[in-house]
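Single chain ahead, by itself, as structure tokens, in the form predicted on its own.
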């Protein structure tokens, strides 16, 4: 039968080139590239005088982070016989690690120089890789969309960094901390790139077949419901019933994170839709009330509000994942349950394992955990990840604060002129200089003429 054929192939060295993992994994890699370089890049270009900084420092940091992650993750996850085994799947894993750095970058956007950002990537990737390896190898959790390992880690790492890099004067606002018509359009473009490819992000590392199929469907439903909810909330809570661009740029994406931890499980379409609504609502009120509170009271200046889009939604997602694990039964899933919850499969030598292997050839032995045990490991993973990230972020912030790291002065924050040769039509300093020479009553009028 089948076994014989495969042995013959080994002897003749005949392999079917179309079975190469390239064809299964490359489309996901390409989609995630778009998210990292175009999605994040444009999204971070929302400041009026910091478009280069957002987009180009994103490009620099991302490229460096991916290279570095290939080596570090390679050592922890793809290392055997003295070599790192390198394929498209490594690139996907490295892009996930890179996404972690870029989310953390959002917390300090406009307040850091390129040297500081590279140092952040240099330190964050190893801390992330060790956390990821420890959580996946020892706690053995389910986290398909990376809600725990990517979103929660990135968020609390970024908050740790920004806590150490606190700038008291920025709490009163900064004259250059504004958007423009064009920069807001560019930023929404980034949102759309992220929105369109998010199903690929959430399903890239799931089991091929039904699991991956479910992941795409659930992500799409979660994003759809969170987008509609974001528009509704934005208009409802605006004093004049108008839409606020910042809500469209960020809050619409909340559903993609909220379905993450349970995305490949049989949670039902209505659950995915509901998760999108819940996550979006939490994210929206986070921007409205929690971000100002963190800045004023806790000295955490979260520039892009990553705590709303990745922290709050990540916590909701993890909770939903735990519920989905507790509710999973063999009645619903059939024998495939032991594939998706691989740790619940019977251990080596258990007669039940042999029965299951007849139904699912190639099923790997598991740890024989119950649903309750698995749920407790998920809870442990959430706390361990947040603790590792926050500690790593505080340490990294201390390194980034060293005097030779070329940190911009408070006055030069959110300004491209410090690090770039800007073209002649860049009106950064001039607009603001003209404003400073007038008394406040005239300020409003000059702003209007300048715009």
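Positions refer to the first chain, counted from 1. Nothing here was measured: the structure is a model prediction, and the numbers come from that model.
Only in words, not in the display: the form predicted together with another copy of the chain, which the text now covers.
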request  = Tell me, out of 303, 227, 319, 73, which residue has a non-hydrogen atom within 4.5 angstroms of another copy of the chain in the model of the complex.
outcome  = 227
ask   = Heavy atom within 4.5 Å of another copy of the chain in the model of the complex: which of 370, 182, 296, 80?
value = 182
task = May I ask you to check whether residue 139 falls inside a 4.5 Å heavy atom distance of another copy of the chain in the model of the complex?
result = no
inquiry  = Given that another copy of the chain is not shown alongside this chain, does residue 199 nevertheless sit within 4.5 Å of it in the model of the complex, heavy atom to heavy atom?
reply    = yes
request  = Consider residue 87 of the chain shown here, and say whether it contacts another copy of the chain in the model of the complex, taking contact as heavy atoms within 4.5 Å.
outcome  = yes
Residue 95: touches another copy of the chain in the model of the complex, heavy atom cutoff 4.5 angstroms = yes
message = For the interface check, one of 161-169, 342-350, 309-317, 232-240 should have non-hydrogen atoms within 4.5 Å of another copy of the chain in the model of the complex; which one?
response = 232-240
query = Does anything in 317-336 come within 4.5 Å of another copy of the chain in the model of the complex by heavy atoms, and if so which residues, in order?
reply = 331, 332
